[in-house]
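This document starts with one chain, in the form predicted on its own, laid out as structure tokens.
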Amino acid sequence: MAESHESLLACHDLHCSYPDGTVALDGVDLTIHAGERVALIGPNGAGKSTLLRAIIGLIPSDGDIIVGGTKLTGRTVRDIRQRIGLVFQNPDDQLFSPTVEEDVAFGPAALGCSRDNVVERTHRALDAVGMRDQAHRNPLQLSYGERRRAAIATVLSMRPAILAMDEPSSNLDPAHRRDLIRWIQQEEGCTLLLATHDLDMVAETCDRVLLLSRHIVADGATRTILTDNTLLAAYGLEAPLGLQQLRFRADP
């Protein structure tokens, strides 16, 4: 998919602090355009999860957050949350209904979609993550990897402009991790913001990397950032294993 020059997300001088006063984000500036697939990396405590929650108004912040030309305010937060779909690190934070299908249908129904449209969105989202045959199961009966995919489907059914994912590969076994990477690679139509420590996944799925340590300390092409050992080491990160053999998403 060709990248557009349309700005979908912009943060200007964004600041966040924890309740005890500890600074979580200290002057974050970033812009993400339509069609970009962007990884957000950084050490523990860098503010990655905080940033994802801030851009949808789940936690208070100072500075400007603009999504699709709309500034985040108390009046616009509902609209912003329709434009940015956040998949939380723990899928159980998003699954609460008796069946997977009901969970996935909840968002479109809350938007006021017609019954037929809710069904169409639900089925398409379940098909996208390979969970159509699990639609009538209770999420509690699913494996962790299946619950992860179901949680992604709950966001896809909302058809957000930006799909944001917080540590999507954490606690996945190798097979489910590979399935997730394959799915992300195939979802060419969405704009992606991926917060993760999994730099191998970043190499395979993202074109651009933002290195965060309370503010953006580096912003560049995935290969450029992930092959800069000095930069990564300065922030407690290591280049992917087998880097020389790794095929980057942007490679021909």
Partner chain sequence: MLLVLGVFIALRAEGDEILFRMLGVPVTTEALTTAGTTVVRLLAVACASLLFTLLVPMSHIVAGLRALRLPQAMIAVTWLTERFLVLLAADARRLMEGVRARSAALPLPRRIIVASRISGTFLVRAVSRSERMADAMTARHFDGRIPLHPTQRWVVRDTVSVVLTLVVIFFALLY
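Residue numbers count along the first chain shown, from 1. What you see is a predicted model; the values in this text were computed from it and never measured.
The discussion below concerns the form predicted in complex with its partner chain, not included here.
**Q** Residues 228, 231 and 235 are flagged as a possible site; in the model of the complex, is every one of them within 4.5 Å of its partner chain by some non-hydrogen atom?
**A** Spot residues vs its partner chain: no contact at all.
**Q** Of the residues 172, 163, 131, 95, which one places a heavy atom within 4.5 Å of its partner chain in the model of the complex?
**A** Checking each option against its partner chain in the model of the complex, the one that comes within 4.5 Å is 95.
**Q** What is the one choice in 181, 72, 142, 158 with a heavy atom within 4.5 Å of its partner chain in the model of the complex?
**A** Result of the distance check: 158.
**Q** Decide whether residue 167 counts as a contact residue for its partner chain in the model of the complex under a heavy atom distance cut-off of 4.5 Å.
**A** No, residue 167 sits far enough from its partner chain in the model of the complex that none of its heavy atoms falls within 4.5 Å.
**Q** Consider residue 125 of the chain shown here, and say whether it contacts its partner chain in the model of the complex, taking contact as heavy atoms within 4.5 Å.
**A** No, residue 125 sits far enough from its partner chain in the model of the complex that none of its heavy atoms falls within 4.5 Å.
**Q** Would you check, heavy atoms only and a 4.5 Å threshold, whether residue 217 touches its partner chain in the model of the complex?
**A** Close contact is absent here: in the model of the complex, residue 217 is far from its partner chain, nothing within 4.5 Å, heavy atoms only.
**Q** Quick one: is residue 82 in contact with its partner chain in the model of the complex, heavy atoms, 4.5 Å cut-off?
**A** Yes.
**Q** Counting only heavy atoms, which residues in 102 to 135 are within 4.5 Å of its partner chain in the model of the complex?
**A** Those in contact are 102, 103, 105, 106, 107, 109, 110, 111, 115, 118, 119.
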